[in-house]
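Here you get one chain, nothing else, as structure tokens; it is the form predicted alone.
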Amino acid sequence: MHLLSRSKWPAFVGLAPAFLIYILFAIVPILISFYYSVMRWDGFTEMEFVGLANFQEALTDPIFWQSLKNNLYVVGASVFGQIPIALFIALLLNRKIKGGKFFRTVGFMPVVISTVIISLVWGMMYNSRIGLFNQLLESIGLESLTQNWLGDPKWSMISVCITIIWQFVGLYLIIFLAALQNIPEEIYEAARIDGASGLKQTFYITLPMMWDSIIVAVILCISGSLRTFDLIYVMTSGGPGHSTEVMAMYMFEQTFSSTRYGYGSALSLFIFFFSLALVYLSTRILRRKSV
């Protein structure tokens, strides 16, 4: 602090390498995307300036809007699925129940397992002929409820969202447990003296004191959901009939499979600005609620 009060140059010099790396790998690619987005280019022939034609095409592209809707499904399932489940389990494990460490480890395991492995395993479980879910329903006499989970457009997005919820609950569980363990025990002792019950302590002490952690978890949840790609790509490749295709997958397909680099860059910019807007909006709403 004393050094910084005399001169800020040492801090600037120390931050400069990280700042340069950030510019090189974050800012420059975004600027290049802006440049490509106003071009028509297949990667081999000469670029052709087309102005805003790629953006206009994206706005009238029904598959792009379908992918946006699917992304919103993933965001909704993640925020209203992962966060409440993780919070509930964290509150239970924070009570120092028997085997708490074991449950924490088991809960975090899906986060460190490869997404490809998770996709393949859940894909087999959803298999309409030999999958675990249909066999379980048949074994208890509920054959009428068996479904083609990933092959039916009515069920494919729901099935994918369940897998995404399962995969990342452990991440937010660890964040919430860390927040819970930072709440001083003296506050709970004072509340008990005042006659506050367990639920009152939860709603009037625990949740308000870990609200900043919940906001961080929601932001991570939204940004992670908008970057969803590999799990759905392995499980369904966006099918059937684009019913599970998300924006990142559609951008990838247009850019590299259809070699439309200009249109793919325009889609990536839409994703970028949409993500910024959604994160900003959610932060404003949650911050306002915290006041």
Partner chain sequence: MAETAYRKQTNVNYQDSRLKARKVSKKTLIYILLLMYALMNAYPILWMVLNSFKSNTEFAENPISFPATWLFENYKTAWETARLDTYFLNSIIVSVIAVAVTVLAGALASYFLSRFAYKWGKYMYAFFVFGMLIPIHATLVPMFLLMKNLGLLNTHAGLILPYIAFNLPITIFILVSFMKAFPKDIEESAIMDGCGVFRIFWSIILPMTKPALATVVILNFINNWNEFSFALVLINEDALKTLPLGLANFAGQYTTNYGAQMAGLTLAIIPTIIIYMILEEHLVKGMTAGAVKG
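Numbering follows the first chain given and starts at 1. Just so we're on the same page, rigid core means the largest C-alpha set that superposes within 1.5 Å between forms. Quantities reported herein were computed from a predicted structural model and do not represent experimental measurements.
Missing here is the form predicted together with the partner chain; even so, the following discussion is about that form.
Any chance 67, 142 and 192 all have a heavy atom within 4.5 Å of the partner chain in the predicted bound form? No.
Would residue 52 count as a contact of the partner chain in the predicted bound form, using a 4.5 angstroms cut-off between non-hydrogen atoms? Residue 52 lies outside the contact set for the partner chain.
4.5 Å heavy atom contact, residue 169 to the partner chain in the predicted bound form: Residue-level check for residue 169: yes, a contact with the partner chain.
Within 4.5 Å, heavy atoms only: does residue 281 come near the partner chain in the predicted bound form? So residue 281 does not count as contacting the partner chain.
Given that the partner is absent here, does residue 80 sit within 4.5 Å of the partner chain in the predicted bound form, heavy atoms only? Residue 80 lies outside the contact set for the partner chain.
Considering the partner chain in the predicted bound form, find the one stretch among 184-192, 201-209, 94-102, 67-75 with heavy atoms no farther than 4.5 Å from it. Stretch with heavy atoms near the partner: 94-102.
Need the contact residues for 116-141: heavy atom within 4.5 Å of the partner chain in the predicted bound form, sequence order, or none if there are none. Result: 116, 117, 120, 121, 122, 124, 125, 127, 129, 130, 132, 135, 136.
Rigid core aligned, does the Cα position of residue 241 differ by 2 Å or more between the shown form and the other one? No, its C-alpha moves less than 2 Å.
So with the core overlaid, does the Cα of residue 62 end up 2 Å or more away between the shown form and the other one? No.
With both forms fit on the core, has residue 53 moved 2 Å or more by CA between the shown form and the other one? No, shifts by less than 2 Å.
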